[in-house]
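Before any questions on binding or motion, here is one chain by itself as structure tokens, the form predicted on its own.
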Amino acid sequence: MSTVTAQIMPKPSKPWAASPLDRAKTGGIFLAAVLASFAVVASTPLKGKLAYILVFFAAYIMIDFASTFIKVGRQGAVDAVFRAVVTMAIAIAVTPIISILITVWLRGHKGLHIGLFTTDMRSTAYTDPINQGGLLHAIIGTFLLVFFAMIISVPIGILTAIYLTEIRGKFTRPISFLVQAMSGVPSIVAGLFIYAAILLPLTKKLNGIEGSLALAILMIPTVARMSEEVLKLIPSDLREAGVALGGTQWRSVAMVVVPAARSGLITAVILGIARVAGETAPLLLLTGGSGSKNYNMFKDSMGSLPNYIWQCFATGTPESITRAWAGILVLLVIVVVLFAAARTLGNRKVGKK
């Protein structure tokens, strides 16, 4: 009886992966650059964090260039310089983001307490102790403002994208130009437009729906442009298959193209929501910033997280500033969650269920 010996396949090599020796070399260069930055700053008039960072990067590039030149020659040394410059650019881009996150957490967590999410500021002043009052009214107001803005802007944005990618009528170029132009409109302009077109001549009172209209103006171009890019990724074969089965263009778009781009369209909506969730200027003009809960979008002023943060900072006391940082932390968490959801959905293949 013969036995079959299973052969263990060798693990595929990864020539691009760094070896332990390369990692040790990188660590040594990093340590040498750190020591050089401390030595240079200590022995020269250069002072401050910026001086340490600049000297570190300069020392890292020179040491990496010299060591690579000795090992592999000029071409490898030049490649090492460009690699270090790219790494420095990435670090410069990421550092402010990390700094913002750390600063918001360090200053904002001091204002967190149990009642923050269960009470409002109806009977509490911004100068009262931190453990009194909360921002429930602001969270409810922000949710309602963004929800109604989404109801207004999402159908308009998606239908605009469908027109630009599927219909392609004679108004395609001017509509595309307007969508791109609206993407750069300052938020205060949208607020002033609603203020002059609706509040002054019609309602003459501050309420939530006016704030939602201003947010919708800002949200439409984001949803339209993102949806347009997603719809362009749908293969033409799907459209042709729908027409070949006897469907009209509208039925093919509604029953084939849009379902195939569903995850991408959801991503566009989430990015649009994240775009307007922290807008402050239109809400200061149109919503009033009430300190109590208000569920009626068409009556009385309404609070929101951006308005709450602005009012706390405007008060200027240590307690109110701590409340403001807590509000910033809550708003930042909401926006990060929305962007994470958009990233997760965006990583899925278009049309994948």
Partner chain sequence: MSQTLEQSATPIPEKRELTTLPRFSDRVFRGVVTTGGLSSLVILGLILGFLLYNGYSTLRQQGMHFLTGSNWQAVISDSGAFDVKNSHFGLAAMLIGTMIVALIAIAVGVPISVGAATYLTFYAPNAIKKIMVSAIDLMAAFPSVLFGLWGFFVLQPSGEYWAKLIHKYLGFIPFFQLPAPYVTRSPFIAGLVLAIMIIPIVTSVSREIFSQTPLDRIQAAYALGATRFAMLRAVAFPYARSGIVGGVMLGLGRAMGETVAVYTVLNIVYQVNWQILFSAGGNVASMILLKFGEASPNEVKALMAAGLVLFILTLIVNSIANLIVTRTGKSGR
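What you see is a predicted model; the values in this text were computed from it and never measured. Positions refer to the first chain, counted from 1.
Missing here is the form predicted together with its partner chain; even so, the following discussion is about that form.
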Exercise for the section: Look up in the predicted bound form whether Ile217 has a non-hydrogen atom within 4.5 angstroms of its partner chain, and give yes or no. Expected result: yes
Problem - Non-hydrogen atom contact Arg107 with its partner chain in the predicted bound form at 4.5 angstroms - result: yes
Problem - 4.5 Å heavy atom contact, Pro186 and its partner chain in the predicted bound form - result: yes
Practice task
Examine Leu50 and determine whether its closest non-hydrogen atom to its partner chain in the predicted bound form is within 4.5 angstroms.
Solution key: yes
Exercise for the section: Could you tell me which one of Ala241, Leu233, Val86, Ile151 places a heavy atom within 4.5 Å of its partner chain in the predicted bound form? Expected result: Val86
Practice task
Identify which of Met255, Ile114, Ala125, Ile97 has a heavy atom within 4.5 Å of its partner chain in the predicted bound form; exactly one of them does.
Solution key: Ile97
Practice task
Please determine, with the chain shown alone, which of 129-137, 142-150, 165-173, 115-123 has non-hydrogen atoms within 4.5 Å of its partner chain in the predicted bound form.
Solution key: 165-173
Practice task
Let me know which residues along 185-200 have a heavy atom within 4.5 Å of its partner chain in the predicted bound form, or say none if there are none.
Solution key: Val185, Pro186, Ser187, Ile188, Val189, Leu192, Phe193, Tyr195, Ala196, Ala197, Leu200
